[in-house]
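Below you will find one chain, with nothing else, as structure tokens; this is the form predicted alone, and questions on how it binds or moves follow later.
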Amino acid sequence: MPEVAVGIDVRQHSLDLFRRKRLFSLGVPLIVLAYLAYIFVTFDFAGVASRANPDNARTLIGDSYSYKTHVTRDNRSGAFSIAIEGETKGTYPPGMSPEWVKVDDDNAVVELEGGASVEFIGDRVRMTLPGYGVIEVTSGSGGIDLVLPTDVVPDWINASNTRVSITTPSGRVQVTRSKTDVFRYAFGWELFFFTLDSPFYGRSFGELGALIVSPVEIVPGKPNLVAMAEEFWTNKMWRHGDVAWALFETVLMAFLGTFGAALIALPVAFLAASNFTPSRWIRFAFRRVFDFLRGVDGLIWTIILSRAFGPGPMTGALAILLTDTGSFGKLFSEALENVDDRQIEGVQSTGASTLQRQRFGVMPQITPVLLSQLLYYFESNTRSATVIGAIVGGGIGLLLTQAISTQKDWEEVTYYIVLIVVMVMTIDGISAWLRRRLISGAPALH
């Protein structure tokens, strides 16, 4: 009987064990699904999807690789102006205009893509669209009148008594009581190299190459190559000189913050390592300091320091330094706790002092770890410095934020993002090269 009872108990225990595992295997997925459903409702995924506007997305993407020229008529004075992206710095001077714009006193004709055109005739605007017809818009003191070739207003026309907006693949027309704008889109980043007032504007790359070797100076007293470089560097639209300085500030923030943190954390890490500091209370105190420094995110430190010291790149560098001091202190102290004591004892047997034991017995062992972590954090902080710069007002992050806030020049936003990616890739390549050279001793190139 006892053997039978034992067998029954074992069998029952096995059944209970399988039942619990079955419940666990079913319960965990159900809990995960319930949590995902909670997130879906809480964050209003359905509402976000319903509010998404594909037209805005297409416009944003199109603006990133194209530019638009504004042809504007002041409806009160009848004066015309033509400007790239509507900026004063990109305004065509009197007597100069694109070949697709013809201005004759109060009248003008703007040719658009696909055979479309816009005519300014007195206070009337006539837009001709192949396949649709002629749209007439008249602006007066009583409001804006719209005449269409059909009785149905298409969805690409928004009209009211004070404003009419016509958006087509060929271009866009916007009429208000005060002014009329015609927007024509074109591929590329206009005025990227030279502005309208530059003597090198409008020349092809072949012509510019010929000017470099030509003895005839376009700008008196300067070789053509030097003059081109100066015109490019001082470009008032794209501000290449300011952008280069902003990139330098971003890298400098990351460099000062990262390497400054390493210089502080390395000696302090000895006080947090159990094999170098016997006192438990001292180790506990310094480890908690490291926890506090790295526990507060770098962006939080940025906000705190910007209130204390004001905006600027140095504030961003200090924010990185504080966060990384905590991270490096933990990493370096753990590396110190894993050193080989035999190597230290070998140095000690030669009669070396305490400082010499650390220099020749400890540092060679932890240097690969230190350099690897240092270079990795420098890479990461280069990206972080972009965001931090947007908060403290320094570096490429500030320019990027300013370009986004204007809501018009998205090709500038693309330009800055491309530069940030190139900067990060460059730092990554340099970091990998240094790791191979300084740590593993492998050749830099294969």
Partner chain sequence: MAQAAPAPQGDIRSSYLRDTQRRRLYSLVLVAIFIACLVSGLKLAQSRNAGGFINGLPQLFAFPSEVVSEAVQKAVNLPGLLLKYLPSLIETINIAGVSTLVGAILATVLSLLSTRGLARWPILIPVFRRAMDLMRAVPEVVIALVLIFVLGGGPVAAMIAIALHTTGALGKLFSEVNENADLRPVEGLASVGSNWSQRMWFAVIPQVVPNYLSYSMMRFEINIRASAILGFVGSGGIGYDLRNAMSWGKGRYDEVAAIFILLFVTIVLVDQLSSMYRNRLVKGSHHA
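Between two forms, the rigid core is defined as the largest C-alpha subset superposing within 1.5 Å. Predicted model, so just to flag it, every value in this text is computed and none were measured. Numbering follows the first chain given and starts at 1.
Keep in mind the form predicted in complex with its partner chain is missing from the figure; the text below concerns it.
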Q. Going by a heavy atom distance of 4.5 Å, is residue 245 a contact of its partner chain in the predicted complex?
A. yes
Q: May I ask you to check whether residue 218 falls inside a 4.5 Å heavy atom distance of its partner chain in the predicted complex?
A: no
Q | Partner proximity in the predicted complex: residue 86 to its partner chain, non-hydrogen atom cutoff 4.5 Å | A | no
Q.
My question is simply whether residue 52 lines the interface with its partner chain in the predicted complex - judged by any non-hydrogen atom within 4.5 Å.
A. yes
Q: Name the stretch, out of 306-314, 126-134, 104-112, 276-284, where some heavy atom lies within 4.5 Å of its partner chain in the predicted complex.
A: 306-314
Q. Considering 294, 203, 172, 179, which brings a non-hydrogen atom within 4.5 Å of its partner chain in the predicted complex?
A. 294
**Q.** its partner chain in the predicted complex reached by all of 64, 187 and 196, non-hydrogen atom within 4.5 Å
**A.** no
Q) Though the partner is not shown here, which residues of 365-399 have a heavy atom within 4.5 Å of its partner chain in the predicted complex? A) 383, 386, 387, 391
**Q.** Rigid core superposed: residue 418 CA moves 2 Å or more between the shown form and the other one
**A.** no
